[in-house]
Ligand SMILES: Cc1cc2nc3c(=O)[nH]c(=O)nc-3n(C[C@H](O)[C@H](O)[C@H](O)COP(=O)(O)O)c2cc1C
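Take a look at this single chain, the form predicted on its own, given in structure tokens.
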Amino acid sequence: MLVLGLQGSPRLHGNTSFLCSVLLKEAQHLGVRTQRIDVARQAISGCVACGICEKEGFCPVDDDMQAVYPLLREADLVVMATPVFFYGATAQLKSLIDRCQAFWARRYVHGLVDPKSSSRQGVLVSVGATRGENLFDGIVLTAQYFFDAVGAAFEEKLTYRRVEAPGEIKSHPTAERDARRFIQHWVSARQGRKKLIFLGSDNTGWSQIAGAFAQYHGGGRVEVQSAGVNAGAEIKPEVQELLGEKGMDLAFRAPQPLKHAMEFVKPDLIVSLGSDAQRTAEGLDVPVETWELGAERIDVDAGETRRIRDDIEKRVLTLIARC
């Protein structure tokens, strides 16, 4: 699992930053992998409304946002953290949010669904100086549509009024406890899920397809990763096309080696797809299930690849039913 913190305050040690850190540190304490992005320290330009994402599904602006897109797709929980600036999010965080129009376009223009969106969630953390009744209304609406665009259910909002001086949040009667309790509950709700790794030779073909189907159909009931004995450079275009025909989106993903997949979690089951994967999996102290697909290469006859794709989906549904 990955908890991704988008810390939007220009103050690295301000009140918002502190609460974001509380969430991430508690997640780390519970054994969850975390990553924090101090958005104000990134070179992320605002959206220029060029319309290319709606035509092609990708943002052409070459800056630090290109490294954020894959993290948003990998994340299981997205933390949107921002102080209140004129009843809205900070300009730096708003630039990141606006650049997620690329995700919106892939989903609502191109009709593609991120397989992991069935289980990803989002939490808003926000701190404001005044007591106004509508203080957080703008930020909550922004968070609602941001989480929808990135494929995350809006799970919780942790918002606190009348907190202005640096460090003042530490003396708030409930804020720190609220943050810890939220992440404890979030992690607890995921304990006991079966952890599956779909292992291929280079994680550019069938293992990616199997992992995507398991994430899509699992709906959070299983924790899924795909990996390769040796990771390839990028997912094969044929894989994107095969899953695109099913309405699924593998954009912004990259192959990963088995070592990385097992760094933070020991799987309950490894499903091997291919002879290299089978030999590697059988050498590990983990239960192994081998799927014989009929073809290890994915660039065979188009009709055959579709048959194997559909066979993988049926196998995945059977596997999930057993979990």
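Here the structure is a predicted model, which means the values were calculated and not measured. Residue indices: 1-based, along the sequence shown.
Below, we turn to the form predicted together with this ligand, even though it does not appear here.
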query	finding
Residue (of 130, 184, 174, 230) lying close to this ligand in the predicted complex, criterion heavy atoms within 4.5 Å	130
Among the candidates 71, 250, 135, 222, the residue which, in the predicted complex, approaches this ligand to within 4.5 Å (heavy atoms)	135
Interface membership of residue 87, this ligand in the predicted complex, 4.5 Å heavy atom rule	yes
4.5 Å heavy atom contact, residue 122 to this ligand in the predicted complex	no
Contact of residue 164 with this ligand in the predicted complex (heavy atom, 4.5 Å)	yes
Contact of residue 115 with this ligand in the predicted complex (heavy atom, 4.5 Å)	no
Contact stretch among 206 to 214, 185 to 193, 78 to 86, 99 to 107 - heavy atom within 4.5 Å of this ligand in the predicted complex	78 to 86
